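As a starting point, one isolated chain is supplied in structure tokens, in the form predicted on its own.
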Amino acid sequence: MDLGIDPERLNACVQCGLCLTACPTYRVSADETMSPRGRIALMREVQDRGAPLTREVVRAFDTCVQCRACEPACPSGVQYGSLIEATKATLASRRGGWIRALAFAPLSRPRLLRAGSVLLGIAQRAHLVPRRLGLSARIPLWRAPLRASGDDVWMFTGCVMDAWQRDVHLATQRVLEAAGFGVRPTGAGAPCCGALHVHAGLHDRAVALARRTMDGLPGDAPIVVNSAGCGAALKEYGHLLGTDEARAFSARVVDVQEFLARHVDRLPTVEPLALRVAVQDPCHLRHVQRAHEPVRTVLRPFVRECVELDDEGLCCGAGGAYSVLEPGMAGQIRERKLSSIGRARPDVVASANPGCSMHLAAAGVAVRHPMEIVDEALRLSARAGR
């Protein structure tokens, strides 16, 4: 069966196994089929030798978190992300991806998403939401409006994060403005980046959302993103669409910490918060965007202590919708992260991705977005008249 994989990319893997310790599913299972090397071997068997897509083979592909920690660990430069995305797209087409497409439909319809979120929030307060969804943080029933303050940068607001974590956008905008930038929230002009669709194998829908996003954000102003998963997806539009226009668009995309690290001297000098903060690197910030160090650069002036976890950026198990679709495996992966957090003994964990923060919060971790921490320090200083 043709999985739609470029043979050159598939054959780039030399089966050395240096990816194994970077793979969260292999770390918890010790099963070769749940490693990048094992999954690539299965891809070859299916695409080159006509091996059947048995339940076990499909299970091996389904259990991939798509964290892409294997990519920086690979000495051969295997582009594993494109391999698993092509495989997932083929699986979705065979299994009738319409079910997931229907489930994801509200993501690109802001009014429907907001209405559904309010209903979910009410159900949550009535204790009617299953625990497996991991929704420990309360979904807001009301959201303060976002208003443009200028045109220096676009602030990408997206779908679920805007509906469930609007406070992070408000904090992000205030920090950007404190650095002297006028901010224009993207809002309904770009309601969804398509990241979850790519992960689910809904390739055509992801392409349509990418084109809609590009049309909705014209000009050459930087597109600042505070969600690691969205930022990674937006930066890969060139790969997704394969056009010069998409590559030029992606070149405008920058993570908010990455952006502010270049302008940290423009932020006010304030009294640091008395917090010991452990930084949890979202996989798509660390392994895909390679922009995790700026988080430290931006945070350090605003907290008493910024500490590292000792797991070398191992995935937390959130993986977009992965924690809902694969709760057992996601929970086992998270346990390793929780152990690392416990050893660091922080007051709070800083995570620049909504999925990671919700997944960790569901296990009782105190989690905040880095922009919320910086914003608090700025606001406390302003109230104190410093």
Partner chain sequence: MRLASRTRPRRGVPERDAALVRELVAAVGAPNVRTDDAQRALLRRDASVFDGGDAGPVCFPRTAEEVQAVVRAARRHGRAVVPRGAGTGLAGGAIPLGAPVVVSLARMTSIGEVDRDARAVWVEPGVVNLDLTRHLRPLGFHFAPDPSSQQVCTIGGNVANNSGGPHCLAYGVTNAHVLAMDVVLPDGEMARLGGLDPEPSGLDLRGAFVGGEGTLGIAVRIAVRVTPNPPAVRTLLASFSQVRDAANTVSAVIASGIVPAAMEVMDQRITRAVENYVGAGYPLDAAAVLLAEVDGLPDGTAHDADAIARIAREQGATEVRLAADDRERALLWKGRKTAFGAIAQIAPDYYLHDTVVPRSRLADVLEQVYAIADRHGLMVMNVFHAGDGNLHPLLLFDAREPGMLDRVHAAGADIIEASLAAGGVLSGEHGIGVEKQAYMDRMFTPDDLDHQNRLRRAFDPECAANPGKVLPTGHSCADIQQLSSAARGLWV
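Numbering follows the first chain given and starts at 1. Just so you know, these numbers come straight off a predicted model, no measurement behind them.
Although not depicted, the form predicted together with the partner chain is the subject of the following passage.
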Could you tell me which of 349-357, 61-69, 45-53, 323-331 sits within 4.5 Å of the partner chain in the predicted bound form, going by non-hydrogen atoms? 45-53
With the cut-off set at 4.5 Å between non-hydrogen atoms, does Ser340 touch the partner chain in the predicted bound form? no
Heavy atom to heavy atom, is Thr269 within 4.5 Å of the partner chain in the predicted bound form? no
Counting only non-hydrogen atoms and a 4.5 angstroms cut-off, does Asp6 reach the partner chain in the predicted bound form? no
Mark Glu312 yes when one of its heavy atoms lies within 4.5 Å of a heavy atom of the partner chain in the predicted bound form, and no otherwise. yes
What is the one choice in Pro145, Pro75, Gly242, Gly180 with a heavy atom within 4.5 Å of the partner chain in the predicted bound form? Pro75
Three residues, Phe259, Gln289 and Pro294; all within 4.5 Å of the partner chain in the predicted bound form via heavy atoms? no
